[in-house]
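Here's a solo chain for you in structure tokens, the form predicted alone.
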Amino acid sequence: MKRLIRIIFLACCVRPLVSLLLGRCIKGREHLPVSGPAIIAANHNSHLDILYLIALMPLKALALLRPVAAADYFCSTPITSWLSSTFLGIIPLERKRSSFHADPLAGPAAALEQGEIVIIFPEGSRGKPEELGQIKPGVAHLAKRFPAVPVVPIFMRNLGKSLPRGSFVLVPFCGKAAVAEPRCFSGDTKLFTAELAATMQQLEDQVDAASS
């Protein structure tokens, strides 16, 4: 029942509203996964990022989407936790480990084992508006556990203008995105992280070149 509620909400509310306010200009749409398991690695500038990624995805993939988001924000109360889980399928990530032995990737790993599509932001948190931050090794560590699962890099532009960090007023800007070809774990976490960072930079350049 929870999955059905989420599909209806995403298909009938999120996609039309995001398309109306931000548009859906995307390059490389053919690289978007339509089935799982898969990992989407995207830049992070705004709370709109999750909604925009959902709007970009094929309809048949909506039921499989599981965004990873900060537990202290999306699951700070029982009500917000229920809303985030029910309507967005949020996988809560504890930014501060409760114990030394806690596994921060347990939630995303479980979702991949169930054949779902995990959305993760390799910068770790929202950066400065319209700036690509440092790519951290979390995606590489997750990909190492699932070396056959494709990782799909996505770069988004203008969402940091529409709703930057600290702002509560949405200003419509035309959202743009570029998607790279899927790749699987290369066998080395440092190398994979460096390759992902280089790909994100290339995607940023593609989006900016198309805008000029």
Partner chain sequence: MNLHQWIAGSSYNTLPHGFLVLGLMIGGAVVGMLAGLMLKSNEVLIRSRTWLLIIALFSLGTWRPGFAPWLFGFISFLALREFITLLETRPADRGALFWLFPAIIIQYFWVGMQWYGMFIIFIPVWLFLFIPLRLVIAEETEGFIRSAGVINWVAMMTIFSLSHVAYLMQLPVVDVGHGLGYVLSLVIMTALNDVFQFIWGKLLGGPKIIPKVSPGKTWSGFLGGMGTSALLAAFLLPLLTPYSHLAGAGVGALLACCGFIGDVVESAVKRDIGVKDSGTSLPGHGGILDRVDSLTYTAPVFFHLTWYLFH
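Numbering follows the first chain given and starts at 1. Remember, predicted model here, so these are calculated numbers, not experimental data.
What comes next is about the form predicted together with its partner chain, which does not appear here.
The partner is not drawn, yet in the model of the complex one stretch among 36-44, 155-163, 183-191, 60-68 has residues with heavy atoms inside 4.5 Å of its partner chain: 155-163. In the model of the complex, at least one heavy atom of Ser19 sits within 4.5 Å of its partner chain. In the model of the complex, its partner chain lies within 4.5 Å of some heavy atom of Cys25. Using a 4.5 angstroms limit between non-hydrogen atoms, Pro147 is distant from its partner chain in the model of the complex.
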